[in-house]
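The chain below stands alone and is given as structure tokens, in the form predicted alone.
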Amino acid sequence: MPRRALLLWAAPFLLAVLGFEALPVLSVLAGSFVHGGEWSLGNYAALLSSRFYRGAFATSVNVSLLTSAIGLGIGLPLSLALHRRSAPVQRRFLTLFNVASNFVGVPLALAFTILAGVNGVVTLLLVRSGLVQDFNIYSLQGLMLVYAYFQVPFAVLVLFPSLGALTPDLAEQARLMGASRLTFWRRIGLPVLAPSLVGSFILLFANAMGTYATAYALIGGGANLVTIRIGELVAGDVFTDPNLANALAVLLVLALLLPILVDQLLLRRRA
């Protein structure tokens, strides 16, 4: 097919990318440098000098790191257990994990409110049985529990394909050479999976950092997270500043790009 014909076929896709991705990104980037009607770095100076917005970044990073560690710590054993099962069982559970990882936003917050809210079914059962005295789903601890719900299945989905590198031959050869199960994982298993583990952790971190609807529907403006602060600056009831929101969004993107770049550098060194 001639090159001109290929460009004609690709034109609708290229226009969609330009209109829905490239232009909005450029608009946000340009707006972040407008402060008081003039071009300046005033928005970035205001954000970096504000303890409130620095605290929003610190809270978002802490929640994302902890929930990513939880997702990876639970997702890896689940992936290993699923890897040993038959193909039909793997397909069923991967479908289930796919549904669970995409069940986010307002429906997920509503589901946890019904189950674990102040008058939730699970909360009342735990309180009446004496196992729990005080549990508040509308807190950062509760938010981390909700995040873990979709982080764990997401970790399974991104880790499962990489387990194909651990072939039965590797375990058999290690066993023939006298290596214990612990030695196998310490000297062979984890080093082989290290690039995938690092990449999966970064994906989980980015997934948690960019979550907005779930946190807002569960806690509202009470959670000092970067995404919620951006939403309030764009469509708040009391104070709005779209250009400041643009600068905050740019800093959020940079915070997500930095670990990705570090991961790419590590991959090149390992290669």
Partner chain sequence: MSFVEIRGFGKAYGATPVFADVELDVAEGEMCILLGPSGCGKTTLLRAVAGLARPDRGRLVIAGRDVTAASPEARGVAMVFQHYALFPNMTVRQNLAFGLQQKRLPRARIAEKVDAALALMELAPRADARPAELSGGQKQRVALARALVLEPRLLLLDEPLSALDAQIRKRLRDELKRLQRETGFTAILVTHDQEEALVLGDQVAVMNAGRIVQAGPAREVYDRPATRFVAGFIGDFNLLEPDAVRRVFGEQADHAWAIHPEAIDLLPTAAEHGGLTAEASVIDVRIHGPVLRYLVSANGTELKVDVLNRSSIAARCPGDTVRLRLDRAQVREVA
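Here the structure is a predicted model, which means the values were calculated and not measured. Residue numbers count along the first chain shown, from 1.
A second form of this protein, the form predicted in complex with the partner chain, is not displayed here; the remarks below concern that form.
Note on the partner interface in the predicted complex: the residue among L125, L176, L96, I114 having a heavy atom within 4.5 angstroms of the partner chain is L176. The chain is drawn here without the partner chain; in the predicted complex, the stretch among 144-152, 178-186, 100-108, 71-79 whose residues come within 4.5 Å of it by any heavy atom is 178-186. Looking at L170, you'd find a heavy atom of it within 4.5 angstroms of the partner chain in the predicted complex.
Although the partner is absent here, P191 lies within 4.5 Å of the partner chain in the predicted complex, judged by heavy atoms.
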